[in-house]
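Only one chain is included here, represented as structure tokens and corresponding to the form predicted alone.
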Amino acid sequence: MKKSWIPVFLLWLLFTVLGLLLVMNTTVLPAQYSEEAEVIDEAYELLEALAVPVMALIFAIMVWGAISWRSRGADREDGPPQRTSKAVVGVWLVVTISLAVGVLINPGFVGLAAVRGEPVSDYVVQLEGSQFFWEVTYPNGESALDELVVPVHKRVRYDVHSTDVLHSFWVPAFRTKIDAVPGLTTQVYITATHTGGMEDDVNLRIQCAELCGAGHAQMAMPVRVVEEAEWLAYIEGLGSDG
């Protein structure tokens, strides 16, 4: 029986190598437009790599089981009982507990602290969610309903709230997300790192990420990241437009 696990081990090695090569050379993540996105993507890629050996073991057992351990002929009685090994169980417990604790620390606590950062900001922008649109209020008190414009390389605190039901403020290109809760103001800090707009990347948009009614899927708003001077001129221009 022990020798029959040798092919499983070899298949596990093969699938692990192929899986890691696939993970390291491909990505399903959109482009990064914030410092927080870099931290979150690193955490995702680490967890993805840690998952590869586990999935590889499952695939190896399934493949070899279908090839060699399948039932043949009419004899379908249960096989002899298999006794476990205390050494295998002990190693398994030590390895899995160590991995769980390691992931809890990093990217868990370490990554969360990096994403949250210090509670300081260069600017404060208010976001109000309603069925089914967003209203942006800038530091000078001017508001907009058509787009969110933010300055690049500036740490912005977003004060988010809702006028009716539960919504969620999410910009895929920034990766960060926070719920908009009626009667409560939630906060999230984001530092944009690249200029651009929705015409450059469809992920530069506010998208409600909490089912909020029939118009939930259409509750979106373009996001535009510009230089600070252009941003200041834009918010001042909102007042003159009114």
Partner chain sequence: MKYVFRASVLAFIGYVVGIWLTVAIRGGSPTDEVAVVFGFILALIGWLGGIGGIEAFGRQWMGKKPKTSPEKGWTRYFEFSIDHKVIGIQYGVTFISVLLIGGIGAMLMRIELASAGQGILDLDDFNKVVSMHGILMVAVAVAGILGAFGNYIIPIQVGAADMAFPRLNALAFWLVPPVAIGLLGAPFLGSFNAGWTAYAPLSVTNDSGQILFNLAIITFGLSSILGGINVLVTVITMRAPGMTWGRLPIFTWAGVAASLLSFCVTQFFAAALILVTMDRVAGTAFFGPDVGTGLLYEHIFWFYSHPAVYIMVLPGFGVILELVPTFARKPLFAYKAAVIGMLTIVGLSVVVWAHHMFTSGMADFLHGPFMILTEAISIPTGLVFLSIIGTLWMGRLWFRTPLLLAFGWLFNFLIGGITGIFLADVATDIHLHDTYYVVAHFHYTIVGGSIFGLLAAAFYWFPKITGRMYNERLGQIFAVWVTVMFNFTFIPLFWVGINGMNRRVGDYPEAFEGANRFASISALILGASFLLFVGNLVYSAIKGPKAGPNPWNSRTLEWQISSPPPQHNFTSQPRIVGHPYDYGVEGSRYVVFDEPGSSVSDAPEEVHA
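Numbering follows the first chain given and starts at 1. C-alpha atoms forming the largest set that superposes within 1.5 Å between two forms make up the rigid core. Keep in mind that what you see is a predicted model, and the values were worked out from it rather than measured.
A second form of this protein, the form predicted together with the partner chain, is not displayed here; the remarks below concern that form.
Can you check 152-160, 122-130, 87-95, 135-143 and let me know which stretch has heavy atoms within 4.5 Å of the partner chain in the predicted complex?
-> Contact criterion met by 87-95 only.
Next item on the list: Flag E118 as yes or no: does it have a non-hydrogen atom within 4.5 angstroms of any non-hydrogen atom of the partner chain in the predicted complex?
Entry: No, E118 stays farther than 4.5 Å from the partner chain in the predicted complex.
Closest heavy atom of T193 to the partner chain in the predicted complex, within 4.5 Å or not? Judged by the heavy-atom cut-off of 4.5 Å, T193 is well away from the partner chain in the predicted complex.
At 4.5 Å between heavy atoms, is E35 in contact with the partner chain in the predicted complex? No - in the predicted complex, heavy atoms of E35 and the partner chain never come within 4.5 Å of each other.
Using the partner position in the predicted complex, report whether L238 sits within 4.5 Å of the partner chain, counting heavy atoms only. Contact with the partner chain, no.
Exercise for review: Given the partner chain in the predicted complex, answer whether the residues L14, G197 and A229 all have a heavy atom inside 4.5 Å of it.
Suggested key: No: no residue has a heavy atom within 4.5 Å of the partner.
What are the residues of 98-115, in order along the chain, with a heavy atom within 4.5 Å of the partner chain in the predicted complex? A100, V103, L104, P107, G108, F109, G111, L112, V115, in sequence order.
**Message:** So that I can tell if S130 moves, could you say whether its C-alpha shifts by at least 2 Å between the shown form and the other one after the core superposition?
**Reply:** No, S130 moves less than 2 Å.
If you line up the core, does N140 shift 2 angstroms or more at its C-alpha between the shown form and the other one? Shift at N140: below 2 Å after core fit.
Taking 2 Å as the cut-off, check whether the CA of S85 shifts that much or more between the shown form and the other one after a rigid core fit.
Yes, the C-alpha moves 2 Å or more.
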